[in-house]
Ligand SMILES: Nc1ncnc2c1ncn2[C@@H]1O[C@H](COP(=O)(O)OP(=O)(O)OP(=O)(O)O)[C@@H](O)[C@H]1O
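Form predicted alone, single chain, as structure tokens, below.
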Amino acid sequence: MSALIQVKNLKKSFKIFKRNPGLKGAVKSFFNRQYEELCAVKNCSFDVDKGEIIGILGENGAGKTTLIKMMVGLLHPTSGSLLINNYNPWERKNQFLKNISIVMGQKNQLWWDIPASESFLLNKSIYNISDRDYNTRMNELVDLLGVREKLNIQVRRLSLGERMKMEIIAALLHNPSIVFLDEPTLGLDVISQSKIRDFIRKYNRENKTTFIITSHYIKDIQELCERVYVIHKGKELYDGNFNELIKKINPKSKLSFEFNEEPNQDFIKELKNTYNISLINNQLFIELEDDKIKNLLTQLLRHSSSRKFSIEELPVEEAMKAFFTNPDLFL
């Protein structure tokens, strides 16, 4: 059985006009225009199965949005092949368009001067949704996202979180099998971000809808995507399990252990000969690989009656920052 989305050696380059500054540069470029090629996506290849949630990660300018635009048919690739549900996206066939949807956190698809409910009716007409299907889906989505009382308020008067929920409803009304979410929680408060993530998880589980997500909020990717596709300067860096990538970048966790009373100094001296520990007011701190933390914790519990300790993973954001700064160190 072939994958729902098949991307092979995909490349997209743009011809950029190059001009020297000043009047002299303007005159010279008028008679002799110079161009340079900018390659936004370079030979990317991956497959996506039905019902999968995959995150596309990369820094600003890495090529994420360009890749998404090719996958929805807004851009034609320079070379390579791309099949989505056996359709070439840039052919823009009606059946293909009915099977996809896109939500971009930086752009609106709803009319600002009318209520969201009016825009929903417009989508109903565009996609030829039957009255029965429309009412069933809209009621389900409105209740899941908790925005029923906001349906008849002008979109411009809604909060950012409420507008994003309405955008998601509009994108799902025609029951697409593939949904592209480009920065879906951009600018939202923590509670709104969490509610949208919960909705995506629940909707994916119940409808087996495929989600392709790009986000600068690592929390979105961490909570929603078991698998990530990472690009850097247009090139593929990694395709696989997100947690395994984080462990590869930074395999350490932080142990905090609080002694009930001042610990034995000979024992502490012995620990310092083996581990790079910090001891502040009878509380021990250290960063170690998981297997070494287990050994250290066993030693600590053997020499102390204390049971007050915690093990925390190091911040994922810091791990990804280190990865993008020098990816060759980790792959």
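Quick note: we count residues from 1 along the sequence shown, nothing fancier. These figures come from a predicted structure and were not determined experimentally.
We do not show the form predicted in complex with this ligand, though everything after this point is about it.
- Comment: this ligand is not present in this chain, but in the predicted bound form one of I54, A62, C44, L284 has a heavy atom within 4.5 Å of it, namely A62.
- The partner is absent here; in the predicted bound form, the one residue of H216, K235, K124, R137 having a heavy atom within 4.5 Å of this ligand is H216.
- Contact check for I16: a non-hydrogen atom falls within 4.5 Å of this ligand in the predicted bound form.
- Taking the partner from elsewhere, L38 is found to have a heavy atom lying within 4.5 Å of this ligand in the predicted bound form.
- Although the partner is absent from this view, D239 stays clear of this ligand in the predicted bound form, with no non-hydrogen atom inside 4.5 angstroms.
- The closest heavy atom approach of E183 to this ligand in the predicted bound form falls within 4.5 Å.
- Only one segment in the set 284 to 292, 63 to 71, 262 to 270, 46 to 54 has any non-hydrogen atom within 4.5 angstroms of this ligand in the predicted bound form, and it is 63 to 71.
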